[in-house]
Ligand code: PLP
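Okay, so here's just one chain, in structure tokens, the form predicted alone.
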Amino acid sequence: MPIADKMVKMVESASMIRKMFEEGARLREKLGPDNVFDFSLGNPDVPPPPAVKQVLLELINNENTSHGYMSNPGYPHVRKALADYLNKEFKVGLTQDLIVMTVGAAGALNDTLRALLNPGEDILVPAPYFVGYNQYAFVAGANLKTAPTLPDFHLDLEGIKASITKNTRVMLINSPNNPTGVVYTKEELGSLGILLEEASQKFGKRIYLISDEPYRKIVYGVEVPSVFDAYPHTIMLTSYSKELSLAGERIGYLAVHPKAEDAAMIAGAAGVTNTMMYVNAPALFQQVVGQLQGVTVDIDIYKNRRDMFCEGLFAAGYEFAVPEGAFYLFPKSPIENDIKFVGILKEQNILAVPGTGFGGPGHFRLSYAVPEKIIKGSFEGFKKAIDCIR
């Protein structure tokens, strides 16, 4: 075998999302871009705010702009800017030493998991969950375990309590959620914090909460509560991929609650892991985002797409909850086998991702990070797909 045994399964189970995305490229080449309705990948297409280009040009034309190595966690002045902004937003007393600049949210999660987990320990995540968590658990040498959610995909606290064991080290949540669009409430997060404290005391082992928040700014008329208010032993991480449409630039950060157990040690370990895995986050874009705290893309573009998509799918007979955040719909499959139904959609040149890949069988995910004409053009195919099974 030319590759490591442990990699064989990972290669075989490569992301359904990427496979569908590659299929979309093949179909567009064959049928033309206007005849393929690809909702498979959450690739932000809304233009970055004008301030991004302005700051980028200023930095490029400034002879003092640095392109070299920096300390493990990132440029001090950038981390200071983030700490100042986050303290205004969360009022938690963060310092720059508790922030690590990372290669996107994926880098932040990899750093945090490797800093916290011993090989063989458990990460507990509510299902449905982002498919990449399987790979991140694999890299960390950890076990990804799932807890149930309520029918509306909010936290099932009793289910979480029953799922925690002496081997649980990390509770991982994602709000606004990919794939469901759910935003967890202040009340349920507070109850989760109490539950995690009780479980930590019961098992004599600190259970940490990791909050994965790359969609925090992509919400529609709702508040995203602070996890720092819910539980002190929390690491919040995010990226600028969605709020600034900089997915390919791979820039994000993690922030450790000042009152977390061994907070300084966690931040230090994450910084060292960052160096081992990536050397450092991209120098130029650290300096770009350092000047753009609180700046976002035009969220109304995503909201208008959401409303348009919901109206068309409701009219076609699909069942789903209107998402409160992110840019995904997670409809119920009209037949029990969601993988089979995604195949039926493909016959209409519609590309979706089976909910099974997210730990949410019986559903499928649609990304509306696509032009409005793709959404409008898909409605006839969605109607035909559901009509053919009735």
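What you see is a predicted model; the values in this text were computed from it and never measured. One-based numbering along the sequence shown.
The following text describes the form predicted in complex with the ligand, which does not appear among the structures shown.
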{"item": "The unique member of P214, P126, G74, G181 whose heavy atoms fall within 4.5 Å of the ligand in the predicted bound form", "value": "P214"}
{"item": "Heavy atom within 4.5 Å of the ligand in the predicted bound form - the one residue of A106, L195, L116, L189 that qualifies", "value": "A106"}
{"item": "Listed range touching the ligand, judged in the predicted bound form by heavy atoms within 4.5 Å, from 141-149, 311-319, 127-135, 269-277", "value": "127-135"}
{"item": "Proximity of S226 to the ligand in the predicted bound form, heavy atoms at 4.5 Å", "value": "no"}
{"item": "4.5 Å heavy atom contact, R169 to the ligand in the predicted bound form", "value": "no"}
{"item": "The ligand contact at R250 in the predicted bound form, heavy atom, 4.5 Å", "value": "yes"}
{"item": "Contact test in the predicted bound form: H257 vs the ligand, heavy atoms, 4.5 Å", "value": "no"}
{"item": "Contacts with the ligand in the predicted bound form, stretch 239-275 (heavy atom within 4.5 Å)", "value": "S239, S241, K242, R250"}
